[in-house]
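Listed next as structure tokens is one chain, alone, in the form predicted alone.
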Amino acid sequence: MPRTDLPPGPRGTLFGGSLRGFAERRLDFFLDVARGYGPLASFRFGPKRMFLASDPALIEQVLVTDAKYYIKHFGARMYKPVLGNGLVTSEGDFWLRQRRLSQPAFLKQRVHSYAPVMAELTRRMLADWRPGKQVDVNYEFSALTGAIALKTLFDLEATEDRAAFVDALRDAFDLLSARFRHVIAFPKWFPTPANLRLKRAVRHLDGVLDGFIEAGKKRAAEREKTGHAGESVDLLSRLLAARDEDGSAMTPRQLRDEAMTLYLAGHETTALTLSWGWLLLAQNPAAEDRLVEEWKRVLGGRAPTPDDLPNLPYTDAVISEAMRVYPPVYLIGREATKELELGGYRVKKGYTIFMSQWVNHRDPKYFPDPEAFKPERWLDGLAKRIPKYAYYPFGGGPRVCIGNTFALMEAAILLATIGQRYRFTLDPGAVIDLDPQITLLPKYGIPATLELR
């Protein structure tokens, strides 16, 4: 029988529990709890009971063994005003249907077919760069991977007002993340200044997404007229053509939700991996020199193809290490739908189990000198020696990120294509800080100056 008491953990305050510590220093909070209270700890956010599982076996039990008894936690559901009921937030049969529909776009052969588009759009960006230009590394990579996501997944060109879209997206996520800091928050329909800002931001995002969908509908109609209706390959076309067993099409809201989810998932992880990766390389010139030497030897100045990637082990190691030190997704949560057992303790229905990549990727048991950037640690089979859930940048189980193969290939192609031409010199006065929202963002960007190799 599981124990009926709770795992050890911080008591927090009478009313808010540990909410203040989480809100003020989110990453350090989870690290302190794991290191201070062991592989399974407990705490409260107001009336809500949380567990933090940091042992890889416990994480595997939640994400794999008992996956069908958990749903996404309350925090993930808070982002529904932006993400809607897409793959990230939906549950049950509806989620399974959408996953099956989307999966073909991310099969290995299809992902490899996207490589020329990735290389071409990268070359277009490089054509606008000049030595001495000052850039925000994160903005540049987010713009590039956003354009690649639009073209490969939706067959659309990046013609929207990029700055306005990003501003609306960040504003919405800022406002939703701020709700975590309150035990009791006004409902989203109540006309507070913050809720009104959120409504405006979501309205702007919806307008852009509606534009994506209308463009897809026009393309589908043109293919129908010319007798090429079955030749569509992009994901948006598949979504538009999808039919339930009763013959009904996806509703406009379903189309909007999947378009938003797949657009964000299709570029955010790669953009952050590249951004944090280049910051780490700029701070570790010996690693950068070794990386450039690999590119010279294998590529000789040309853009890589998927066939080249097995011959670029250090490039792969740099990407793996960047995602270890600064995991784009730093926290996963699951909410129990029935009474369960975990680590010998009873998990009541409604309890949330948190699992943090930020914590696990810094475990010295598996990663000696965990704060240091050491790509070489991945070159001797480390990934096969450590437990599966000691390192899990894309999550795991049935809900593992659908675009993980896409993201890893894209990161390698962009890193090598750009890195053979330019290096980034971090601005001397740059303030680099972390902004853990739904993903791990650089709070003030990463200001750098372009320098030709």
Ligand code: HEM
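We number the residues from 1 along the sequence you see. All values derive from a computational prediction rather than experimental measurement.
Although it is not shown, the form predicted together with the ligand is what the next lines describe.
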Notebook entry, point to check: Looking at V325, A265, L121, L150, which has any heavy atom no more than 4.5 Å from the ligand in the predicted bound form?
Noted result: A265
Check: If you check Y391, Y70, F424, F394 against the ligand in the predicted bound form, which one has a heavy atom within 4.5 Å?
Finding: F394
Check: According to a 4.5 angstroms non-hydrogen atom cut-off, is S356 in contact with the ligand in the predicted bound form?
Finding: no
Margin query: Just checking whether V400 would be counted as a contact of the ligand in the predicted bound form - the rule being heavy atoms within 4.5 angstroms.
Written below: yes
Notebook entry, point to check: Using heavy atoms and a 4.5 Å limit, would one call T269 a contact residue for the ligand in the predicted bound form?
Noted result: yes
Item checked: Partner proximity in the predicted bound form: F406 to the ligand, non-hydrogen atom cutoff 4.5 Å -> yes
Notebook entry, point to check: Heavy atoms within 4.5 Å of the ligand in the predicted bound form: which of the stretches 214-222, 275-283, 362-370, 88-96 has them?
Noted result: 88-96
Item checked: Non-hydrogen atom within 4.5 angstroms of the ligand in the predicted bound form for each of M125, L291 and W295 -> no
Note to self: Need the contact residues for 317-351: heavy atom within 4.5 Å of the ligand in the predicted bound form, sequence order, or none if there are none.
What the structure shows: M323, P328, V329, I332, R334
